[in-house]
Every structure is written in C-alpha cells, then in structure tokens.
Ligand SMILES: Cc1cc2nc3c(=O)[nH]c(=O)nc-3n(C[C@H](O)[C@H](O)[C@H](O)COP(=O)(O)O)c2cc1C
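The chain below stands alone and is given in structure tokens; this is the form predicted on its own.
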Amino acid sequence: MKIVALSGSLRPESSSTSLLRALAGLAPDDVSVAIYGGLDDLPHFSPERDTEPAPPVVQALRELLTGSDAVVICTPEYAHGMPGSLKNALDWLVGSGEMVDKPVAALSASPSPEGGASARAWLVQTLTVMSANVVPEASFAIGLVRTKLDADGSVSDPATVAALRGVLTALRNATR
C-alpha cells in the first residue's frame, strides 16, 4: 500500500510534519508513506495557469497522488482555517481528478485544546467538494500537540501513537 502524506505547514520541524514522520515510522513493512515536500514550490493557482501540460511541479504532485492508494493530510490552524499554501496545493488538484474517490485521512494539529478543529473542518469541506473519500475513522484533531511531542519532534504520547496506528488501519480498510 502506498500512502502520500501532505503537511499543511512549510516549516520542516512543524508539529504537522512531525506527526506525519511518526506515522511513516509506524507503518508496517507492506505500507510505504511518502511525505511530500514540495508544497512551497507550487506556483499560485489560477484557472488560467491550469493548462496542459501543467507546470512541472504540479504534474509531479499529480503523478505522486495518482500512484498512491491513500492520502494523509495534516494541517495546522491559522486564523481558524488551513494555511493558504495547503489550500493552494488542493486548488491545483480540484479539476485534475487525482483525489476523486481516493481514501484520505484529514488530520489537524494545534497547540490549542481544540487541535485545529476549524482548520480540519475547512480541509474536510474542501476534500468533499473534490470528491475525495474522507475516511471518518482516520480523521481527527490533535489538541495540545506540543505536549504530545518530545524535544526532537517524536511522538511521546501513547494515545497519539495509537491514534496514528488507527489511521493506517482505517486507510487500509478503506482501500479494500
């Protein structure tokens, strides 16, 4: 099983990216998790720019997603929404179809007790419009995230580790 993981943060050491690294580390041998690192390289979306051929960095993202069985997106929350860079990436995928019926885990992480629930709601709404298969059992908000990570960004909270394992199980079940 091939999973593509998208962090909504541009910071390499962000909580969202740390959670995706932890998820990749928990994956069994028959599951690969590729963390996409090109969010910052995508051009600003505009329908006039969405032509064939697509810009090379956009085409590379589309091909990565086409070759995947499932997707995990972890977003931080900025101003009660997902970051513009993540929304921009999703805008590049709206009309091209890579996300149609694709099983997706929609996660949010925040230092607030709510865990970025507003950002996650925006993410789920956008994915639903894109006809993605948002898997409820694999989608949740992670509150007080900084208390769940140790100094090197590893997940130190057993409940969060269990929840991330649950993401992998739910996505596997959704691809069967």
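One rule holds for the numbers: they count along the sequence shown, beginning at 1. Here the structure is a predicted model, which means the values were calculated and not measured.
What comes next is about the form predicted in complex with this ligand, which is not displayed.
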message: Taking this ligand as it sits in the predicted complex, is Arg49 near enough to touch it, meaning that at least one heavy atom pair lies within 4.5 angstroms?
response: no
Check Val100 for me: does it contact this ligand in the predicted complex (non-hydrogen atoms, 4.5 angstroms)? no
Please run the contact check for Thr126 against this ligand in the predicted complex: heavy atoms, 4.5 angstroms, yes or no?
-> no
Quick check on Pro111: any heavy atom within 4.5 Å of this ligand in the predicted complex?
yes
Those residues of 144 to 169 with a non-hydrogen atom no more than 4.5 Å from this ligand in the predicted complex are Arg146
